[in-house]
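Here's a solo chain for you in structure tokens, the form predicted on its own.
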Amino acid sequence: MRMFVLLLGLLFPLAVAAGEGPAIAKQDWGFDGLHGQYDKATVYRGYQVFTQVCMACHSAKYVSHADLDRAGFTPEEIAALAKSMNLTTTDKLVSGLAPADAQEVYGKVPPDLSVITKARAGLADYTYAVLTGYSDDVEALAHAFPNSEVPAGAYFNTAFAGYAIAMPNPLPNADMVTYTDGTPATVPQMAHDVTVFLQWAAEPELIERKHLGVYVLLFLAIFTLLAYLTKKAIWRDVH
């Protein structure tokens, strides 16, 4: 089986240059904003990429199929997905790659991806930028490296600090997965979907927290108004 070290370089950068990293473009995420939501279909497509590509090497040891209920999956859907992987609904998403084997092949144990989108400045934007930042552009390469050569053991990535990343391109080709909803599995689409899945894995409570925050703000506004009116009533006879 071909191994894909998805996001290995996110936690183990190859230090080849100093200074600020490349600018990370802001993406339009459905979970952003006060009224943001996790789209169930997108989370599921990202789950497909994660389980069919990323889990060859990486785990999400804080995530189980049971957690998918917070993304709108029914108990029947959750049970079916877990069964298809020979897991129970409470089993964590753990890679079958043994740490000793990973150490031998890659020199490091691939990092757990449960909270990877929170591990770098740029958050989900950074994860997506790195996944889509691999490039064969000759001019861009010449701009990044005076001799137009990437350091040995590294790969050119326009979004990575120093432009040289130790992780091979995990999504080099389209159609690495077959989406059950018929969505074309282009590289940008797969990168987008797995980033949404990883963002959901890192913060499954994000939407609930936003909704709770609205109620808290409303409560504080009403409390402030009542406190002001009470103060006016108590001190109205004081001149």
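Note that the rigid core is defined as the largest set of C-alphas that superpose within 1.5 Å between two forms. Keep in mind that this is a model prediction, so the values were computed, not measured. So that there is no doubt, residue numbering starts at 1 and follows the sequence shown.
The protein also exists as the form predicted together with heme C (HEC); that form is not presented, and the subsequent description refers to it.
Screening Val43, Val63, Val177, Cys57 for any heavy atom within 4.5 Å of heme C (HEC) in the predicted bound form leaves a single hit, Cys57. From the list 86-94, 72-80, 142-150, 107-115, the contact stretch for heme C (HEC) in the predicted bound form under a 4.5 Å heavy atom rule is 107-115. If you check heme C (HEC) in the predicted bound form, you find a heavy atom from every one of Val53, Arg120 and Pro168 within 4.5 Å. In the predicted bound form, heme C (HEC) sits beyond 4.5 Å of every heavy atom of Val196. A residue is said to contact a partner when one of its heavy atoms sits within 4.5 Å of a partner heavy atom; Tyr126 meets this definition for heme C (HEC) in the predicted bound form.
A displacement of 2 angstroms or greater separates the C-alpha positions of Val109 between the shown form and the other one, with the rigid core held in common.
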